[in-house]
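This document starts with one chain, in the form predicted on its own, laid out as C-alpha cells.
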Amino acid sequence: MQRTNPVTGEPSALGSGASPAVPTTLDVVRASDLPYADFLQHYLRANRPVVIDNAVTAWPALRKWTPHYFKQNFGQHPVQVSYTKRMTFADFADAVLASSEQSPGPYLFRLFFHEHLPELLPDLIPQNVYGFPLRHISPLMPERWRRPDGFLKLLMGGPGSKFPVMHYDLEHAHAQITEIYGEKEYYLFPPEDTPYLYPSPVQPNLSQIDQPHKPDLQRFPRVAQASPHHTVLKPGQMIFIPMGWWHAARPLSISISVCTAILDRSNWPGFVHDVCDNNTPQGRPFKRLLKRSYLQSAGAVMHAMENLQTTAPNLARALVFPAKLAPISAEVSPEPSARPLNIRIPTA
C-alpha cells in the first residue's frame, strides 16, 4: 500500500523502504498570553521554535502591502532577486503574480529596508517586540554587526517559489519572521538532525535536500531518521527560528513577510566562535586573537548590564548607561524603524 505524507497528502518516496517522519506541529501561542520575559525564558534561551499569533496588529503594512502596492509605488526601484540577478520591482511583482508550482517565479530575500527602501519603515511601527535585536543594538558591537534594526529585510514570493535552499543561519543567529500578506509554509529540523540532512561539503550550513516537504528518500535515505517540525504562517503571526535550526520556507500563496536577527547571551559564544574563526582570514592569528578578546570582553560587559537591569531595575534606570550599553527589551530602546539608519550591509 502506498503511503502518503500526512501534511502534503502526496505520495511518499519509499525507495529505501522508509517514509518521512510525521512532522511535529510547532506550538502556536497568542501574544496576549506570552510576556516578553516568558518568550526569552521558554523559547529564545531554550533554543525552542514557536509561532506567536497576533505578534503585530497595528502595522500599516498589514493593510497596505501587496504586489500591486509595490509595483505601483516602487515599480522602477531595482531589487536583488538572487545573489547575481537584479530586476525592477515592477517586473518582480509581475513575476510574483504569475508564479505557480509548475512555473515558479523569483523569491526576494536580499532587500534590507534601511539601506534599500527606507520609505517603507513607517509601515513597520511599532516594532515587533519579540523580534527585538538585543545585543545588535549595543554600541559595544563592532560596526559590522551593530544593527539596531536586526538586519530588517523584506521577503516576497509566489506559489512555487522558495528560498534558494534549506539552511541554518550563520553566526549562530536567532531569526524571527513576521508574515504580512498571504500564507507561507515552514519546515524546521533541530540541530541534532544535521547528520540526516546532507550538509553541503562546500558550505556546511546548506542542505542538499531541495524539497523538505516531500524529500526524495532514494537520494536522501537518512532524512527518514530526521524529526521535522511544520507550520503555516498567516498574516500577523511570527515564527521564531532558534540558532542552528535547519529551515526552509515556501509560499502557499503570494507571500510577503519581514525578517530580523536576534543576538543575546544565548547565542553569543557561538557568534564569537563563528566571526573569529570563519570570518578572519587564515594566517592572521593575531588579528583573530584580538577580535576574540574584544568580543569576549564586550560580552562580559553586556552580560553584567543585562543582569543589573533584571535584578536591580530601579538602580539601572537611575544609572542610565546599563540600558544604553545593553538594552534588554523594546521598552528601553528607541524605535529602530522610526528613522533611516546610516548603515550599509556588508555584501562580500
Ligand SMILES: O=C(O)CCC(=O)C(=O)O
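Residue indices: 1-based, along the sequence shown. As the structure is a prediction and not an experimental result, all values here were calculated from the model.
This protein has a second form, the form predicted together with the named molecule, left out of what is shown; the following refers to that one.
Just one listed stretch, out of 163-171, 123-131, 223-231, 87-95, contacts the named molecule in the predicted complex at the 4.5 Å heavy atom level, and that stretch is 163-171. This chain appears without its partner; in the predicted complex, the one residue of V272, I177, L140, L206 with a heavy atom within 4.5 Å of the named molecule is I177. Of the residues L155, L263, V81, L152, just one reaches the named molecule in the predicted complex with a heavy atom at 4.5 Å or closer; this is L155. Taking the partner from the other structure, the named molecule in the predicted complex has no heavy atom within 4.5 Å of any heavy atom of Y196.
At the 4.5 Å threshold, heavy atoms of M238 stay clear of the named molecule in the predicted complex, well away from it. Among heavy atoms of Y186, some come within 4.5 Å of the named molecule in the predicted complex.
Heavy atoms of H114 never reach within 4.5 Å of the named molecule in the predicted complex, leaving it off the interface. Taken together, the three residues Y107, H247 and C259 all lie with some non-hydrogen atom within 4.5 angstroms of the named molecule in the predicted complex.
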